[in-house]
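Structure 1 and structure 2 below are the same protein chain in two forms, each given by itself as C-alpha cells.
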Structure 1
Amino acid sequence: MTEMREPIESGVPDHVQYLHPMMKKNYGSWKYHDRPRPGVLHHVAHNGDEIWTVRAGTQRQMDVYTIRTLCDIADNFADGYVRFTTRSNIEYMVTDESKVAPLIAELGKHGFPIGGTGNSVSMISHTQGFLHCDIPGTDASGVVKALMDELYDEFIHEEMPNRVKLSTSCCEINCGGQADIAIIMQHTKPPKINHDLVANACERPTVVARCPVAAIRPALVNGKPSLEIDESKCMCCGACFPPCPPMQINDPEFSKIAIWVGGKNSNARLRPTFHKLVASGLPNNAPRWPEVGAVVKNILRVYKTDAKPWERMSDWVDRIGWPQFFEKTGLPFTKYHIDDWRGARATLNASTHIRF
C-alpha cells in the first residue's frame, strides 16, 4: 500500500499566469473590437494596443495527439498561448496582424475550421452521451460531429441574421443547455421496470420522491419489494432512472429526438428566454441522424431568409408569431405543442393579438 497523499486544496488557479501578455497588459481596458473576417476578432485597447484572435472549431473530446498539434500551432504561430470558449472553440491570440494569415493556414492544414464568431452558427454545446454518461438515450459527440459536418459552411461564414447557438442533449435532463435550436432526446414511453433488481439497486422512497407527477408507488411484485408506475400519469421525464437504473426509460425504438427553438441567455433586446418545443418524434438514427439534420437545416434556412438583421431566433419568432413560424417552416403544430404543466396558462394567448 503506497502512502496516502493529502490533496493540496488549491481551488481555482490564478488565471494571470496563463494570460497572453497583451491581455495581461490591457486587462480591463479594451475599447472596441471588429471582425476583419469570420473567425477573426480584432480588439483595440484604450491605449491603441491591438490583439487579433483566431477562433477555430474543435471536436471537444480530444485525444492527446490533437492537443499536441494544437499546441504546436500555438508555439509556432501564436506565442504559446491559447484559450477555449464555452462552446469548445479554441482561440489563438497574436499581436501582429501579419501573423493572422499564416496561423489560419496552419490551422486549416490540420483540419480545424476557422469561424464561430459573430453571426455564424457556432460549435454545438453538448453533453456526454454514450461515451460517458450513465443515462443517455443517444450519443452526444456523434450527433454533434454529424451536425457540424452539415453546418460547416454556417460555422465558417457569418451569414445569419444574428448569432446562432445550438445545443444537444442525450436525455431530458438537458445538460446541453438552452439554445436557439436545441436537440434533445425525448422519451415517449414510461420506464420498463426490472422488478428483480429494484430491491437491491434502488432506495425506494428516494425514487418515489423524485417523480414530478407522483406516478410512482411502492409495490410488492412477485413477492419482492419493488415499485410500480401509474402509466396514465407518467410523462416520461426519466427522473426516476438515475436513482433507480432498473426503471429503464431509454428505448431503442421509442426514445425519440425533439427539436426546441428560440432559447437565449443574452439580455439583448428581449429578456432571456427558454427554448420551446417545435418538433418531436425524430428517430435516433446513428451514426448520422439525417432526420434531425434535415429539420435543423430547414429551420436555419427559413430563419436566415426571413429574419431581419440582429434578430435572434427568439426576436424573429416574437415578430412573426408562432403560427407563422410553423407555417414558414412547414412543421406541423400538434396538441403536444400546447403546454399543460404548472403555470401553462401563462403560455396561452389571452388577447386578440392574432396575425392573419
Structure 2
Amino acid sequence: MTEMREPIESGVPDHVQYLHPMMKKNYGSWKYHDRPRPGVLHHVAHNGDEIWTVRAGTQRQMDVYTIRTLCDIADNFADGYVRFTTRSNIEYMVTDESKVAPLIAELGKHGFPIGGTGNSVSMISHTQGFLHCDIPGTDASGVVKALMDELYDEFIHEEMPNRVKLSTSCCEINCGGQADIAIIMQHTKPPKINHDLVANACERPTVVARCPVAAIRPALVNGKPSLEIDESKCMCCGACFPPCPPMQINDPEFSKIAIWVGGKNSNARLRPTFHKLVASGLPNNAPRWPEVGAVVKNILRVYKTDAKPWERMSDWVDRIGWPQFFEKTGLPFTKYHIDDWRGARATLNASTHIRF
C-alpha cells in the first residue's frame, strides 16, 4: 500500500493554535465586550472569564530590531501572546487587569501609540511601496508615515462620528482596496516605450494579454520586434510595466496622486460601497506629501463636524449628496471627476439592461 503524501503547506496556517488560551477556551462564547479607554478592549465570557486586549499602532514594514522589541514586550508584559491586525496594528492580550497599565506604559516608552479602536482614525492599510512591489509610482509607506504623523491625535482618541478606515496604494491596479478615504497613485500619461529593449526584456504576448483594455499590440519598430499603444484606448493603469519595464509609466511630472472617498467592505447598517474620486492631480511630493495631507485632513475635519453619530463616511455622503460634499469641503469639481472612458458603457453596466 502506497503511503499517502503529506499535503504541501501553501495557505494560511490555522490561527487557532496561536490564540491566547483564554481566547481559545471561550471562542464564540463571549457575553459582551467594552472599551475601558481608547486602544483597550475588554471581553467578558458567559462563565465570567475576562481578557483585556491592548492595541498599539506600528509601521507595516519593520526592521528586526523593532520586531524583537515588540516580542520582548509581549514576553515581559503580556503573557507572550501577540497578534497583528489587518491594518498593521499590534494587539497584546492579558487576563489580569493589573497588567494593562504597565503594558501601555512600556509600549509608550518605545514610541508605540495606543489607540485605533472605536470611533477613531485607524492605522492606514497600505501596500508595499518601493521595498517589494514591481509597479509602484510612489512609496505608500512614506505617505502613511507622513499622514499618520499628522493624524496621531485622531488615532489615540475616539472622537469621530464612526470608525474611519484609510488605505493607500502606490499604483492604480493592485492593492488599493475600499476605504472611507483612499490615497491612490494616478498615472495620467501612457507609457513611454524604449523600443531598443523590448525584444530582449519582454515576452510580448504576455504584455499584450496583460492590458485590460486591449490597447497594446505587437509592432516592428526600426526593424526590431517591439510593441505599440493605442493611446485612445489606454487608461494609464500601468499594468504593462511589471512584465515589460521598457514600457515606463512612472513620470515625475505626470504621475500624480488621487483621493477617493466613501468605500467600505462591511454590511453594517448599509451595504458595501465603492469609493469615488474627489481629488485628482495632487503632486507626488515626497517625502512629506503636504498637499495630500491637507486634502485628507480637510475631509476629516468636515466629516467630524457635519456627520451624525455612527454615520460612516459613505452614509454621510449619501445623506448630504455629492454636490454638498464638494461645497462643504471646498474641493473643486472638474472634468476629471466625470467618467467619460469609452469602455464604461459596456463594462460598468451603464444601461437599463444589467450585464456582467
Partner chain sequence: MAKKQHDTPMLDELESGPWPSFVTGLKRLANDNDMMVDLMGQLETSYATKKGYWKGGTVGVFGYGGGVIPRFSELKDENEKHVYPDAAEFHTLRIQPAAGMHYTTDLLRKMADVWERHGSGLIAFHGQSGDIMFQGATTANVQPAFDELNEMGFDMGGAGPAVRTSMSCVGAARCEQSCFDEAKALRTVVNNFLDDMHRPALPYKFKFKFSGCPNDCVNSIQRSDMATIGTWRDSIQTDDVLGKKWFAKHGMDELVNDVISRCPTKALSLKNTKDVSTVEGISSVAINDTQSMQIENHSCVRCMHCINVMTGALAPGKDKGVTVLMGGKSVLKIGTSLGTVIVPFMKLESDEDFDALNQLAQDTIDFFAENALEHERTGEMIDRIGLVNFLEGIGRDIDATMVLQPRANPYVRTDGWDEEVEKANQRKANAA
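By rigid core we mean the largest C-alpha set that fits within 1.5 Å across both forms. Counting starts at 1 with the first residue of structure 1 and goes up one by one along its sequence. Just so you know, these numbers come straight off a predicted model, no measurement behind them.
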item: Structure corresponding to the form predicted on its own; value: 2
item: Large Cα shift (2 Å or above) at Ala215 between structure 1 and structure 2, core-fitted; value: yes
